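As structure tokens, one chain now follows by itself in the form predicted alone.
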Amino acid sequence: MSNMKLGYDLVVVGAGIIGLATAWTARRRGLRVAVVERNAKAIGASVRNFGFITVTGQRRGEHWRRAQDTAAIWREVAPQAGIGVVHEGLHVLAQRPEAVAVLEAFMATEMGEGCRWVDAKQAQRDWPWLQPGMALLHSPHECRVESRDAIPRLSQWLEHSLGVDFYWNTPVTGIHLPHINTSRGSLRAEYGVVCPGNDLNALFPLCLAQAGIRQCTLQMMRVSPGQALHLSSAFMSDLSLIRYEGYADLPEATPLKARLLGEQAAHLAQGIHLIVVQSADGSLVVGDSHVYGDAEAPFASAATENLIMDEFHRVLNLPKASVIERWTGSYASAQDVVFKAQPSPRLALGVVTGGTGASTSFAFARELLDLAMSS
């Protein structure tokens, strides 16, 4: 690309899920689009997560609506891009009366629409490996893709089927529209959208600093269940009800949090809650923890892993389950769930700061593109 000036309507910086969703949105509007990525492929939070597009439990209001819209678009895009939907839906097992109260309050809100209670006899029949509980909530709104495969497939589909140009291994060194300066030369574009993920120091660091963003490091693992089983959906536990704001912001969550602080203080200190999803090969993806700081924590803790697996066994009666793969993830975190700004005319900057990029990407991308094109 050196010494060449290539013209586009839009250049997107960053090939994580927010950048890819922005490119898709722009192509739907008929724009000529390029995506510029500093790495040889997407290696950040977008490929290190559950691939779980979560609606139920997202922060009430605008963010919950973002998740609804995004889940619908995932179901549209996935088959076109050759991305398999591994399973759909969510079950939340309540094992304490305080957790039942939270779920009952949730069901009384608009967010509970479409959700239902699962009869205990049905649960025992369908999932004999599920530990006893006081209530089981089912949500039909969620779906799950294998993120480490889905992100590359989405990139390839955007390039080969929708005509998006990709420039990999190409750090952006500065943006002064219509010029986007990179390590390999200059691009020209009418508009720009910067999706840095948790890379907060390369472009517009002062702007990002105003958001009060920290780095959140999490631990995840792939688990062999040790027996044949089929998860028809994702599973969560009581700890999730004080983690996900759609539940945790309800007044009924306060007694549950107090009880969990007494019974599972070590889990809460590591920001642990349980999500279990299944891959096509039968293995389970399990997590996760949340530790906050100024930089990604490079080392995983065996003690934290043991706490995650402790919660796993509280919910799933799988005594032969064993960990077969481990990894850490990192994402940008702030008090709000998204951050967006306009550093200069025709340029938008956006970060999902609540760890929900996969779940809200397509809706948030629409907002970023609207912001860039608003002036």
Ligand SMILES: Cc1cc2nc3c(=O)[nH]c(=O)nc-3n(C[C@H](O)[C@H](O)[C@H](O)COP(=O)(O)OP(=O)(O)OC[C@H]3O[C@@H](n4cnc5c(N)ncnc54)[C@H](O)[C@@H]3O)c2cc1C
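Predicted model only: the values in this text are computed from it and were never measured. Sequential numbering from 1, following the sequence displayed.
Same protein, other form: the form predicted in complex with this ligand, not shown, and the subject of what follows.
- Contact annotation: of the candidates Gly246, Pro225, Gly197, Gly133, the single residue with a non-hydrogen atom within 4.5 angstroms of this ligand in the predicted complex is Gly197.
- Out of the listed residues Leu316, Ala45, Ala321, Leu347, Ala45 is the one that sits within 4.5 Å of this ligand in the predicted complex by at least one heavy atom.
- A residue is said to contact a partner when one of its heavy atoms sits within 4.5 Å of a partner heavy atom; Ala202 meets this definition for this ligand in the predicted complex.
- Shown alone here, Val36 lies within 4.5 Å of this ligand in the predicted complex, counting heavy atoms only.
- Using a 4.5 Å cutoff between non-hydrogen atoms, Ser240 does not count as a contact of this ligand in the predicted complex.
- Among heavy atoms of Gly57, none comes within 4.5 Å of this ligand in the predicted complex.
- The candidate site formed by Val11, Gly192 and Gly212 is entirely out of contact with this ligand in the predicted complex, as no residue has a non-hydrogen atom within 4.5 angstroms of it.
- The candidate stretches are 109-117, 298-306, 92-100, 169-177, and the one lying within 4.5 Å of this ligand in the predicted complex by heavy atoms is 169-177.
- Taking this ligand as positioned in the predicted complex, the residues of 316-351 that bring a heavy atom within 4.5 Å of it are, in sequence order, Gly329, Ser330, Tyr331.
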